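Next comes just one chain, in structure tokens: the form predicted on its own.
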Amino acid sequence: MHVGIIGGGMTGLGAADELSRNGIRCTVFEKDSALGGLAGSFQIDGVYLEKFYHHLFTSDTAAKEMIERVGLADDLQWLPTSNCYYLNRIYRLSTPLDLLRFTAVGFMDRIRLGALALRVRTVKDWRPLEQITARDWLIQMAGEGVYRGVWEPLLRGKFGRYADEVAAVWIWNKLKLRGGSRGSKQEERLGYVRGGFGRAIDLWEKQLRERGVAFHLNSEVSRVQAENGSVTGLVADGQFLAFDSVLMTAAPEILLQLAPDLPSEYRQQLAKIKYLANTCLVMRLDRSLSDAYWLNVGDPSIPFTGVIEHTNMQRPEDYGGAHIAYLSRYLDTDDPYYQMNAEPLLDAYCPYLERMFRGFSRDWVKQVWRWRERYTQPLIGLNYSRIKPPFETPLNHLWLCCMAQVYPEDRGTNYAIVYGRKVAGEMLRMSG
């Protein structure tokens, strides 16, 4: 059996790992020059840095196991981080005492906000949360003041015009993940590989190649070929290649483009799944912006939703003494910010950085990169499980596994690996 895998992100690698360990021959096609997908990296002075900010939660056992398996267990650090909120000023929100000092909302709303973290842990069945919006659920759980003062700006900042459509199951997962990374002292600890996750991906690729997995980098798949209702292979770089099965790990919309033989009813189901894009500006600075690692932006006039100062978790010395910060924005592809390259985007953001960080000047920024991806955040609306597609498609031997199927969990590096293994398990059962 020979499986063609479209996409060399963490899902594709997870599937190739599981399949190859069970004696299945795999060939992975990746349109970029390196593996990793949304977890991909670039280098600063020879040190890996993720294009889009990454860390692990303590519950991310699949990613942790992969890192240990490739020999980097001693380089996986669990580090204390600070979680902050910007609304006219920076508020630290890492401890119960920080909550009491959060004067952006009234005293009783601070109590309700703290209680929300505890109430989230009591939710054992996610299915009722499919039937209520995040807005209505948050108001029920913590009150109108907490929603208006804290959560509404964040939801609108991330989802824009779709904010009122997002189901409660999405925000519940976010709160549960972050709460689960807090220890007995309520100190959040997040995981990071010293020298970047790119080191782990390189070693994983090496292991997979040694096991016989083939990789075609810079390779564009233009069609999934089928005859009489069954997949026969795919066309990559203008050449037809025969496969016994094909696994698509990119967004459903791309599958619709590549597989015209899919039946109309299934195509209509996939077309209901929408994604937001993301543009991420990475700045190399000569000084720190603040002491916050993760800074949520609650001011709706600011055109980015988060400032993640990577070197407030990692040491600046690892990057030649530079300070590294990410500015993240989720958006539609027709948004003008999506089209901007690095320097114009920095120009557009500078007035807001000057407002947020005392003394900030553009000359603090010594180097800047802009990364963008079309498919980054599936829109999780009400009753999403009704449109979530199964791994197996109506075409025999064609499989789909992507972020849109990571549900009720939320997408991320760990669950990409988990679901890659899941689809591989189903493929193995069907072939056996």
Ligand SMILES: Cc1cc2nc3c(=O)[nH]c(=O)nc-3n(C[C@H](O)[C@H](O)[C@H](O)COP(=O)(O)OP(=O)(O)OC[C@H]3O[C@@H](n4cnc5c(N)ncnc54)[C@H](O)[C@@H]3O)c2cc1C
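The first residue of the shown sequence is 1; numbering continues from there. Keep in mind that what you see is a predicted model, and the values were worked out from it rather than measured.
This protein has a second form, the form predicted in complex with this ligand, left out of what is shown; the following refers to that one.
Against this ligand in the predicted complex, the set 31, 219 and 250 is in full contact: each member has a heavy atom within 4.5 Å.
Put simply, of 49, 400, 26, 403 only one has a heavy atom within 4.5 Å of this ligand in the predicted complex, and it is 403. Residues with any non-hydrogen atom within 4.5 angstroms of this ligand in the predicted complex fall in just one of 66 to 74, 361 to 369, 383 to 391, 31 to 39: 31 to 39. In the predicted complex, this ligand sits within 4.5 Å of a heavy atom belonging to residue 416. The closest non-hydrogen atom of residue 15 lies beyond 4.5 Å of this ligand in the predicted complex.
Although the partner is absent here, residue 278 lies within 4.5 Å of this ligand in the predicted complex, judged by heavy atoms. Though the partner is left out of this view, residue 258 does reach within 4.5 Å of this ligand in the predicted complex, counting heavy atoms only. Residues 6, 7, 8, 9, 10, 11, 12, 29, 30, 31 of 1 to 31 are found to place at least one heavy atom within 4.5 Å of this ligand in the predicted complex.
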